[in-house]
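Form predicted on its own, single chain, as structure tokens, below.
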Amino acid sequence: MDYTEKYGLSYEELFAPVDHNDLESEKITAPRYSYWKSVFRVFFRNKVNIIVLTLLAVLVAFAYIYPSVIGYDAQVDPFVNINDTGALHLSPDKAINHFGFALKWIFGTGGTGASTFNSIWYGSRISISLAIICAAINMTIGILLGAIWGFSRKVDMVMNEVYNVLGNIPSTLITAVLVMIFSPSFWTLVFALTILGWMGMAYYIRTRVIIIRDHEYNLASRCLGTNIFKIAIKNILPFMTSVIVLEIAAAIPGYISSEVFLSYIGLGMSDISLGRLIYEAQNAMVTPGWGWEFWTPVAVASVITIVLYVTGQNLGDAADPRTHM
């Protein structure tokens, strides 16, 4: 056969012997896998996530940057126009006619003549900060304790009894009692929402850990003398990243909702927050022409919780390695 004519190569070039190299044979030619790079690749592949993330960035910017830019003072600004009777309970169009067009008047004014727009974004910062702090505390305690709880049978026996007693006490009742005992401040509410708030997460992680704790690699680690804490952190929790992200996604908007609910029933903090604004404007809901005072903070609170939830849910789905194929 004429290999040169058929393939354009000589016989020697086609069938030249190749030296065996042990080092070269061990090289893997597949591209290096990066977990978090794959997570963000899957997340941003969905165009809806980009839109939702952009909206979240705008909300966070207004909540944390806007009040600082305008120099909002929670002790002074709510009462600047209190002596101006013509500035009280104005709808957006009436507020603009009264003060002239400005961004802060597009949501009208409240019962003290203060800008509802400014108050809402300052209150949003308080509510979001509360939710993030509570979620961080409860998730950290819940994840670490839940991993040890599920892996150690001795800890499991003790914690099951603790959970059966404390886990069945209504959380709203505990929060309400603590708020009434202590002054209704920001840190009081953080304490009330975290004193037992970690138990649900810990029990959920415990259940997930029990499913995978007896896999062969964990049994091998125990036989080699690896302590329980290290096995839980190194061998178990990394496999639960997507589950943890999903739980955090539900927790943050959940705490915002809890703060709004507690404030609405009169058990919230005294600081300006979304819940406090809704509580103070509840009478305006049934007063003709004053509805803007109530529905604007309700709408902003709803948008913030929905955007946070959707972002977290989609990030949790992207964190699942099965979506990285």
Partner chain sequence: MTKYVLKRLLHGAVSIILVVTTVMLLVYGLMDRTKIFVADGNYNKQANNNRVTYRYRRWEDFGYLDYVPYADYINELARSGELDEETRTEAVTLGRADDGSQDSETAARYIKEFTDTYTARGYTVTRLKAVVIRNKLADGGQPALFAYKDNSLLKRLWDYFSGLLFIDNIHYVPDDVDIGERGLTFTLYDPLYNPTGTEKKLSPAIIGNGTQHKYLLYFDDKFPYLHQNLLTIHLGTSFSVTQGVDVFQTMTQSQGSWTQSMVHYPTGTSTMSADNLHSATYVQGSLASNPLNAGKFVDDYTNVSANRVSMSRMGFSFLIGIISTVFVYILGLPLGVLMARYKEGLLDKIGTVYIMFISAVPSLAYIFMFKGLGRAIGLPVTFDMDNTVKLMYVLPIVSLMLPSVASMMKWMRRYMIDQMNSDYVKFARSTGMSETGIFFKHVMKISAIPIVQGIPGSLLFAMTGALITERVYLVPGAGGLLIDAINQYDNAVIVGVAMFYAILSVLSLILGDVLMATVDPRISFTSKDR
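Quick caveat: nothing in here was measured; it's all calculated off a predicted structure. Positions refer to the first chain, counted from 1.
In what follows, reference is made to the form predicted together with its partner chain, a form of this protein that is not presented.
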Go through 64, 44, 295, 35 and name the one with a heavy atom inside 4.5 Å of its partner chain in the predicted bound form.
295
I need to confirm a contact call. Of 233, 106, 180, 219, which residue comes within 4.5 Å of its partner chain in the predicted bound form, counting heavy atoms only?
180
Where, among 95-103, 67-75, 172-180, 141-149, do residues come within 4.5 Å of its partner chain in the predicted bound form by heavy atom distance?
172-180
Please determine whether residue 223 contacts its partner chain in the predicted bound form, using a 4.5 Å cut-off between heavy atoms.
no
If you check in the predicted bound form, is residue 290 within 4.5 Å of its partner chain, heavy atoms only?
no
Determine whether any heavy atom of residue 253 comes within 4.5 Å of a heavy atom of its partner chain in the predicted bound form, and answer yes or no.
yes
Applying a 4.5 Å heavy atom distance criterion, does residue 161 contact its partner chain in the predicted bound form?
yes
Complete contact of 265, 278 and 310 with its partner chain in the predicted bound form (any heavy atom, 4.5 Å):
yes
